[in-house]
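Consider the single chain below, provided in structure tokens and representing the form predicted alone.
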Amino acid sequence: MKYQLTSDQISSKVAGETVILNHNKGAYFGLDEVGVLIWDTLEKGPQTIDSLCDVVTQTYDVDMDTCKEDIDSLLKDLISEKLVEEIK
């Protein structure tokens, strides 16, 4: 399964942070440093959890199981806010 950004959102870099707007809800979202890395990777195109975890583990000292659990949790949050969607 792959994940991609939805068309319901726009994002921009502001003062070194990524700010995301869900224009259907009119709500802004911010991400922590790792979340920004994942978001930036998703902006390049659809990604699997494994490919996202590869990017994170190249930058941060985290084991693969913890990485996958954390990314899965973040993706669920982003999906619930309609900022990310699953694709087959």
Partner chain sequence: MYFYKAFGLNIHSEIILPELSDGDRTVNADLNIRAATFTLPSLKNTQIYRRGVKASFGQNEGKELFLYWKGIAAFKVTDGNLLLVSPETEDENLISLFTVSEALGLILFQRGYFLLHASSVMVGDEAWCFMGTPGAGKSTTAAAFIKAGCKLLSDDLTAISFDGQGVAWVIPAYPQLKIWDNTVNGLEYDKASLQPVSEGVNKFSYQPKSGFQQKPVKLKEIYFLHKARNKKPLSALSGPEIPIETLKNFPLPIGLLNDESLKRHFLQSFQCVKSADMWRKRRPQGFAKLEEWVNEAVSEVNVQMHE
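Residue numbers count along the first chain shown, from 1. Here the structure is a predicted model, which is why all the values come from computation and not from measurement.
Form predicted together with the partner chain: not shown, discussed below.
The partner chain in the predicted complex is approached by residue 21, whose closest heavy atom lies within 4.5 angstroms of it. Contact between residue 28 and the partner chain in the predicted complex is found at the 4.5 Å heavy atom cutoff. None of the heavy atoms of residue 69 is located within 4.5 Å of the partner chain in the predicted complex. In the predicted complex, none of the heavy atoms of residue 73 sits within 4.5 Å of a heavy atom of the partner chain.
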